[in-house]
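Given as structure tokens, the chain that follows is alone and in the form predicted on its own.
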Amino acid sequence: MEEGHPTRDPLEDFLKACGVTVRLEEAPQDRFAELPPIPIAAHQPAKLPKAHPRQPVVPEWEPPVEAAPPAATAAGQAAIHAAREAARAATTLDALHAALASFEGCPLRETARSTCHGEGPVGAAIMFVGEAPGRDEDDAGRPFVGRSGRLLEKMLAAIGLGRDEVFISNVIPWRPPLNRTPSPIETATCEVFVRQEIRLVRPKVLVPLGGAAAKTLLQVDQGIVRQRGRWVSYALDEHAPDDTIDAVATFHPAYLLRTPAEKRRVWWDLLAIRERLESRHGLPPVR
């Protein structure tokens, strides 16, 4: 070996050729100890931006607000006025039904197959009023002849009454297309006729069936769940507030077909109606 030249390690040359820059020693080495100390400030957490109160999530779409009832329009007022004149001129049920059959102020008559007049005797023990005819009623031209009607007849039989002893009608005499909810103007126009029908029949007890009929006839804002079973006085004539009859709303038979558990509540209502007919109107007890 010549003096002045360092001894070369062939292994070192090989490792460098392979890209190895650091060799692992036989004894463990603490490489972190070889690093310069990290300032303490570096260990402190970074300051986060101040959190803002959580804002409520606003939906991108909201149901449209219902417009004012069309009855407020000139055409709506004219239709209601025409209905009122036609109904007031009828002094018998036959005359009222004839006036209704010829009335052209409600567009529902153009889409319905028939006009479902109320039926039953004048002075009936009970007058039931639903909202509008269904498909079976539209086909037959009579109120409550489908499944709801058959259930209603069973309800009456349970308190000792037959269909021929009661009067059955609807606020709307024409079936709305696809059984849709009648519009405010359609209801306001047709209710004029059913109110005159109630005046002419003069039942001992008026029973609106379902929330829509109860809100229309009894002019209440409560739903049928809260309104049912509550007795109120129904004024037969707005100009004679003391001329009243007893009225109480209950569930519609169509609702009972969908919710059989509510039949017990209607049973309580029917018993209360029967008791009132016996105590106030001399109806003989059920045998």
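All values derive from a computational prediction rather than experimental measurement. Note that residue numbering begins at 1 and tracks the sequence as displayed.
The next section is about a form of this same protein that is not shown, the form predicted in complex with uracil.
Here the chain stands alone, but in the predicted complex its contact with uracil, taken as any heavy atom within 4.5 Å, falls in 131-139 among 131-139, 76-84, 199-207, 106-114. The closest heavy atom approach of T187 to uracil in the predicted complex falls outside 4.5 Å. In the predicted complex, F167 stays away from uracil, with no heavy atom inside 4.5 Å. When contacts are judged by a 4.5 Å heavy atom cut-off, H252 counts as touching uracil in the predicted complex. At a distance threshold of 4.5 angstroms between non-hydrogen atoms, S148 is in contact with uracil in the predicted complex. With contact defined as any non-hydrogen atom lying within 4.5 angstroms of uracil in the predicted complex, the contacting residues in 139-158 are P143, F144, S148, given in sequence order.
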